[in-house]
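Take a look at this one chain, the form predicted on its own, written out in structure tokens.
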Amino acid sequence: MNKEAQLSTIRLLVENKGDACLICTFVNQYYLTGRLFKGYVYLPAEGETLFFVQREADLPDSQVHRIRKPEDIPGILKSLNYPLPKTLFLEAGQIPYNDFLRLETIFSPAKTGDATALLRRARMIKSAWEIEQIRISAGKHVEAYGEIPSLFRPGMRDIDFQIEIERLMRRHGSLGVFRTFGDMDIFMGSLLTGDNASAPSPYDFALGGAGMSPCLPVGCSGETIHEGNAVMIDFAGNFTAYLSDMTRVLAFGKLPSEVLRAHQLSIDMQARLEEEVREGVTCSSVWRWSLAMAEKAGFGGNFMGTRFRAKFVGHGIGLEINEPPVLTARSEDVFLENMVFAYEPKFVFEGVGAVGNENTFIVHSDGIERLTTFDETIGQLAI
């Protein structure tokens, strides 16, 4: 039971003049309770958290109330002397519209707020326990990445190499599928090489890839890895429910000097980040100086893509791979203590692939700490 998460959510609820939240999505259930179950978390601004459960769940019996359908909830609240909320927050940004209308009809609040936005703000600041879970993921992430070069064989297609990496990650304890916010599907991570690195994707990832099918247009396309290609490995470290994010680059043969120079620029950008970012620094400033560094070095046209260029250079991370804050020019967020975020300055070169690194950081009051400590230089694949 994550009492700290519940308290932080209640604080935001009170700040937004809400009387209660009703939560049914798995990611927010896990954040608040450490469990997934079929039913609802009822989080009032005043009073004990209640669980309305439709199937068995490992939750405190004193707070669990069995229901057949959500229409049963108001009657139980009245029997417990809980007033029906005048302002009710529902997960408007995540649940189907029909479910939203149904719940709104059941409770008939005077006002309905968006619990999705509220909970994403609450989850942006991690507890000590959550940070420890991310540390565990990052540690196993680093261990697994050290074995990746040994999996490569000349003549491999990108998908063959990725399958071997997926097997390796699973053997190190990866949970497999990880969560994203929004309409984006991906399995474990992405491997990009050659011209596929510049293929745009409809998903809001830093780089895309055509994918193996139009039904999943991201990542490997099935092309053979050729000598002179860069191979970008971008997998989530989901060894606990809380994620780390790390990208590293391998070379099959010799890469052009300008590509090597761009990769070194990514390392230099990471160093500047570690020098400058601390509590109170704006997220938008990181995007601005990152873009300025890329343009000054002559790589503005390669930065964060070519045919389609991402307009962010980093993002929050936690239970989902893409949490707030977003490191973009439009961001109004500042870095706060105990935020966890990924920074990913990347460069794409036609015919070669993508270079650059991504790392996961914790924000402290006086600076940031890098969790993904694997070597940032380009590794070499055996020819």
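Throughout, we count residues from 1 along the sequence that is shown. Only a predicted model underlies this, so the values are computations on that prediction, with no experimental measurement involved.
Beyond the structure shown, there is the form predicted together with another copy of the chain, which is absent from this document and is the topic of what follows.
- Of the candidate stretches 81 to 89, 290 to 298, 260 to 268, 209 to 217, only 209 to 217 has residues whose heavy atoms lie within 4.5 Å of another copy of the chain in the model of the complex.
- Contact check for 3, 72 and 77: none of the three has a heavy atom within 4.5 Å of another copy of the chain in the model of the complex.
- In the model of the complex, another copy of the chain stays beyond 4.5 Å of every heavy atom belonging to residue 256.
- Not displayed here, another copy of the chain is approached by residue 36 to within 4.5 Å at the level of heavy atoms in the model of the complex.
- Within this chain, residue 100 lines the site of another copy of the chain in the model of the complex, having a heavy atom no more than 4.5 Å away.
- Shown alone here, residue 56 lies within 4.5 Å of another copy of the chain in the model of the complex, counting heavy atoms only.
- Checking 195, 143, 279, 204 against another copy of the chain in the model of the complex, a heavy atom within 4.5 Å turns up for just one residue: 204.
- Listed residues 188, 124, 131, 106 were compared with another copy of the chain in the model of the complex; 188 is the one with a heavy atom within 4.5 Å.
- Residues 307, 308 of 285 to 312 are found to place at least one heavy atom within 4.5 Å of another copy of the chain in the model of the complex.
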